[in-house]
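Heads up, the chain below is alone and in the form predicted alone; it's given as structure tokens.
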């Protein structure tokens, strides 16, 4: 087992990596939760792990119930949240209760948002079951839902009491979903750690084959890098946390332009990262060798690097990005090589259009 601690004063919490879901209840018991426990999951994850988690929590002496939401990014809406508020009411949750998010990024974001806003805040924990949520979305306290115009536009910063990661859940993850999570891991190498980027290049075949040692290292190192960013800029007020959105500005626009139905999040981010690398190359921030290596590692991860979306639609959605400031779209760009970034708000629209068109098939 590996542990990473997110140090945020009174909001400090641990990330446990490599423990079986059969022990979830034991770890909740150690957190002195005295109220009821509500597990929020989706229909797919419930069939695989719902009973296991509920049984574990019940054995630890808690009054636990479970509720399911539909599976898919298109259900990450306020309508879904409103239905969950009613579930909280029906189960008589109070401020001593606990909400458990069991699932991927969509479940974690929705359950966290419900926890942040029901009764103005009840404790919650993340139990991520996808690679994307294990390396990224379950960590750092960003919770929320989508708006038809923009991804994650409605939300809050609300930290969990812990993150509990069982690597073995990845064995039941569809390959496309696993690849989607690899995009976020690769992102960490690009924005912060050249050595990690090189390790991912070296180990990609083993990671995709679910070599437990290599997968656990990938999750652990990704969590470490996100820890560094979150501790320095928890609520994105200092400009540092924005680097976590490398490739996301264009990626989110692609998701919104396709109504969240065509590309998985990591797939859209993969396309966004290639576009951003090529923009950096055009601005003479990144050389051809590094641009090629970024394209190559994403291709080896079996992620898309081209798209079939209207350039005009993508451009229209960019203005709704959360990083827009004073009407200017800000892009996180690689500066020189992986591990160094710069944020620019003066990228010419003509250049953005040019790159989007080049990546269009």
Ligand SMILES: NC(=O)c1ccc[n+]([C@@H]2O[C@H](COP(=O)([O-])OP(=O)(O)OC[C@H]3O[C@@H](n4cnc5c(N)ncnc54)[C@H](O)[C@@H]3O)[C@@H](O)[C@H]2O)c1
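Each form is matched to the other, and the largest set of C-alpha atoms that superpose within 1.5 Å is called the rigid core. Residue numbers count along the first chain shown, from 1. What you see is a predicted model, and the numbers here were worked out from it, not measured in a lab.
Below: the form predicted in complex with the ligand, not depicted.
- Among the residues 185, 275, 106, 114, the one placing a heavy atom within 4.5 Å of the ligand in the predicted complex is 106.
- The partner is absent here; in the predicted complex, the one residue of 73, 282, 233, 216 having a heavy atom within 4.5 Å of the ligand is 73.
- Figure note: of the listed segments 287-295, 114-122, 131-139, 217-225, the one touching the ligand in the predicted complex, with heavy atoms no more than 4.5 Å away, is 131-139.
- For residue 67, no non-hydrogen atom is located within 4.5 Å of the ligand in the predicted complex, even though that partner is not displayed.
- Although the partner is absent from this view, residue 60 stays clear of the ligand in the predicted complex, with no non-hydrogen atom inside 4.5 angstroms.
- Although the partner is absent here, residue 152 lies within 4.5 Å of the ligand in the predicted complex, judged by heavy atoms.
- In the predicted complex, the ligand stays beyond 4.5 Å of every heavy atom belonging to residue 193.
- Taking the ligand as it sits in the predicted complex, the stretch 39-57 comes within 4.5 angstroms of it through a non-hydrogen atom at 42, 44, 45, 48, 49.
- Annotation: Cα of residue 224 displaced by less than 2 Å between the shown form and the other one, core superposition.
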